[in-house]
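Starting off, we have a lone chain in the form predicted alone, written out as structure tokens.
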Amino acid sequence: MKEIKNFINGGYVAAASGKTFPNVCPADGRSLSVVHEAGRDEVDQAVAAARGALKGEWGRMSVNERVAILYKVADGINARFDEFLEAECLDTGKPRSLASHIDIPRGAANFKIFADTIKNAGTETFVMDTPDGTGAINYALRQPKGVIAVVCPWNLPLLLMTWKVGPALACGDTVVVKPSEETPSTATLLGEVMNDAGVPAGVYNVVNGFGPDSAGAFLTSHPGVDAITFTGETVTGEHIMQAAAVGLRDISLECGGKNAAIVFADADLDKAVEGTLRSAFANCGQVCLGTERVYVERPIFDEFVARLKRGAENMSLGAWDDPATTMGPLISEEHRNKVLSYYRKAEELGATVVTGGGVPDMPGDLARGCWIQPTIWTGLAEDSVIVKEEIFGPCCHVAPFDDEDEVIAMANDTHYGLASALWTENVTRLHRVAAQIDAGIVWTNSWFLRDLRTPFGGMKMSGIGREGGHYSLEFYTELKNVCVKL
């Protein structure tokens, strides 16, 4: 059985306690590897290694030297593309078609994107008058924030981890990564790439484990950590925020969402249906930016629902390496039980089940996997738990609306504010409505179209802070003002 150890100070480290846990493939239930659970000792070692690296070779490197290394990291991922692809697909069950176009290429690109960003980042300079008439010059220096704790989710493991590690390393920080216990493989594999690219020991560290009373809690409460960045559910984000309050450490939180799509009667229906199918069912609905609430203007409501139903029923569930597969399983049996509880609750509340609502029959070994049907509901009240709570599965509720003000109010009636999608060919309405939606990202006539230079993050209970482009630099660096009296 393959072992996955912690990656600390440039080498692989077993758990001193001897504690391990299984890494299970959600597609067929087989054990992929045995993972060493980091305890306090391993977390202490990782943080100490990261602090030491700040004062060593890494801390003395110029921006151009760091940029050159990060380019090698990206090239190293691409050189081992098939290894990363298989590891990611086995950990998550997601189809090759998805991971090969999104997860692995974007995971590699994050290093080059942020290398280029830091290389071209400037700071402000001001000339000021002084009472004696000689004047002064103020200029800013951008310096690393220090040791960054990176706590990652399981839905897009490599992509969302490198989305944080890339800018952190570009800015000269060091990192201790805590991947999800469900998906430890690619974070660990990246350690080999880091070594091959010439990243000094201690700059990139990985500790495996769980949240409470495990690696996650030990890391986020560690006094040697200078800042914490997290993507995951809101409740966990609240616990991390409490831990970060001790020592007044900086945080960046990208948390849950209950995202709305609005389809106006003048929308291009082909585009709206195709985009909504992706936003509701891509990655088996396990996307923080996904759509679980769909509002459709009444004149096109019936046609939209019928076409969405056909699209959902045409999805092909299967093994990750089957070219015909368009949807994989949920990440775990525990998560499937949670999603199925919402499926049952929807029926209890009187929802019309347009399609799905249960567990599909899967052939052979796949019958042991965490499969679930893509599901569409109509007919529920806006205050029902199905409409209010994040489910994080391949499902959506579709409701009709009659006017613009009504649908804006419904879309904004949530504790979350991560993303939204508008579908209309009326450019005036597009701008008018987008400005009124309470969400960090509003896509129009598209979904998941990401320019990595733009700000990414949520409002309300969907998070704190922004990442992407120079916005990431604001989190991963400290600005120091130098005042020079002339």
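Start at 1 and count along the sequence shown; that's the residue number. All figures in this text were calculated on a predicted structure; none of them were measured in a lab.
Just so you know, the form predicted together with a small molecule exists too; it's not on screen, but the next bit is about it.
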Would you mind picking the one in Ala38, Ala27, Ala421, Leu418 that has a heavy atom within 4.5 Å of the small molecule in the predicted complex? Leu418
Looking at Cys396, Ile262, Ala168, Cys152 here, can you tell me which has any non-hydrogen atom within 4.5 angstroms of the small molecule in the predicted complex? Cys152
With the small molecule left out here, work out from 372 to 380, 339 to 347, 138 to 146, 228 to 236 which stretch has heavy atoms within 4.5 Å of it in the predicted complex. 228 to 236
Is Ala217 close enough to touch the small molecule in the predicted complex, meaning at least one heavy atom pair within 4.5 Å? yes
Can you work out whether Ser180 and the small molecule are in contact in the predicted complex, taking contact to mean some heavy atom pair no more than 4.5 Å apart? yes
Contact with the small molecule in the predicted complex for Phe210, defined as at least one heavy atom pair within 4.5 Å: yes or no? yes
Taking heavy atoms and a 4.5 Å cut-off, does Phe84 contact the small molecule in the predicted complex? no
